[in-house]
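The chain below stands alone and is given as structure tokens, in the form predicted alone.
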Amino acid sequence: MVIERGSTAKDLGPKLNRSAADVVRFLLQQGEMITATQTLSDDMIELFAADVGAAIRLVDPGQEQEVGLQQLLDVLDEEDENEADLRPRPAVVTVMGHVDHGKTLLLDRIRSASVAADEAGGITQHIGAYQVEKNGKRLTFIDTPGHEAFTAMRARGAEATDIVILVVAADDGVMPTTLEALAHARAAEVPIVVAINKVDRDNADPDRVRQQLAEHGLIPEQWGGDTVMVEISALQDLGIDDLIDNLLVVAELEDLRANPEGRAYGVVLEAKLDVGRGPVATVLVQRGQLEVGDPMVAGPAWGRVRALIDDKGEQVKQAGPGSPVQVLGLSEVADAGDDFVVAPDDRTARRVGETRGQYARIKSIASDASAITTGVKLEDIFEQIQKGEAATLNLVLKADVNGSLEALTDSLRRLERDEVKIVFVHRAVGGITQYDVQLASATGATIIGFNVRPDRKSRELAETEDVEIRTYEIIYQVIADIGNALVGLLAPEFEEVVTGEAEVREVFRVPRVGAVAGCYVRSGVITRNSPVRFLREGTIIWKGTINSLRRFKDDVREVAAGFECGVGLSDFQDLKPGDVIETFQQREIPRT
């Protein structure tokens, strides 16, 4: 018997030939007080099923609704197994590497277009997919961001690819992000072609790059290995043809084939909400033929394909395996990284998409509701810290595309500390709306907008409700600003720094004053009124302050190393020669 998670007693009883009252009564006997319409945990469901002797299988809500779609995918798999139907397809090439090593400029040269100029700060922040043709053969290129914040996006790119170009700057060498990209490529088990870029620079050292890569298992062909390494200069347009020729050879050796007929299946590379065109998904077709008018489902998004736009911005009627296209006509913004498939009909697409969306919303509401602390203001946060409680920073996060939203979420979560937690009250693609401002006002949240802006009404409402809106175009700035804000919210951390050390040489008893230690300052500076530790054979036996400090008969403020002095302690008289007096300060440690 298949039972959906989150079922109520009212749902569960009839499926197991029992009434809702039977379920409630049984759980009451187990010490669980629930109502007939209350959601049951997995344990409760399994416990009741075991009691009535029923074998059940728990599934996520909507999972059973996808049976028709899964049968379709099984049919597609069978079609793929028929060798007679398979035809050669373009290789999908993913360009990876460290930030600013020249990936986007390399693609500019390959496809003779300017993308780098459109990216904020010259940093690629979205996945782009482009197709080029040479000698009658086509290659599909996926450009992935190089900043470490986009690790998840790079991982998705590697999963959808056939060949990886690893771009390494000849003057910079292998960087941490280069190794991350290499790990993703290896995990995808695809051939790697290395493009050693910027060889035109004076400090370029391609052999050093080869040596670094060889240390990580990529042995160049020139050294008897099997990794193709091509020296290029994207800026000077050198070696680009040689790189493409090598890619075509590798693609030919891979013998990439797919069935170009039948229902299309593939992966969503990126998704965004366009003001004029509605939800737009950039997809990579992996098999079949995607055509205008097809009923399609991608994660929670569904709809009939209204238009297909290729990488040159032109409308096309269809797209085959290995082709990247933008899809218009979906019901909502798809999730980047989701598989898409052409459904048998509109009804199936709608049912599957809506069920997925409903379940995702239920999970999101449940997790967010448990984490959100309402009404948290800055002064409340400091009060929480002073009480030793964990503070929370509530955020409403809006971005232009799903990939950026995901990358920002992952990056900001890594900024959390034990004392300060980040809670995402709401995360979505699209502009900053009045709803976002109202939600931020109710939960004491700050709104972060990445490549999106609030409209006039939202700005006015934010001013009225005293809601802070911060907008950014470069991910570095978001991470830096939120990181600095968190550092400001963290409780100060202090360390003790020893400022002086003196050895007790003699003890004098002075009437009406008490014991005075005749000391020799061994290191640092002994200062009057400073905190002091009294050590005997390395053990702390007293803490206090220096009451008086004298050099001969004169009161002094401080005595440096190498000099003798008389020290009077506030309320400690048990002084002995050989004891050590340590003065120290509490110094605040900058939080990072």
Ligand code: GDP
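Given the structure is predicted, the values throughout are model-derived calculations rather than measurements. The numbering used is simple: start at 1 and walk along the sequence shown.
Only in words, not in the display: the form predicted in complex with the ligand, which the text now covers.
Contact between Ala234 and the ligand in the predicted complex is found at the 4.5 Å heavy atom cutoff. Interface membership of Lys198, defined by any non-hydrogen atom within 4.5 Å of the ligand in the predicted complex, is confirmed. In the predicted complex, none of the heavy atoms of Thr140 sits within 4.5 Å of a heavy atom of the ligand. Interface residue remark: Val521 is not counted as part of the site for the ligand in the predicted complex, having no heavy atom within 4.5 Å. The stretch that touches the ligand in the predicted complex, counting heavy atoms within 4.5 Å, is 103-111, out of 131-139, 103-111, 248-256, 294-302.
Checking Ile192, Met175, Ile482, Val99 for any heavy atom within 4.5 Å of the ligand in the predicted complex turns up a single hit: Val99.
Counting a residue when any of its non-hydrogen atoms is within 4.5 Å of the ligand in the predicted complex, there are no hits in 424-449.
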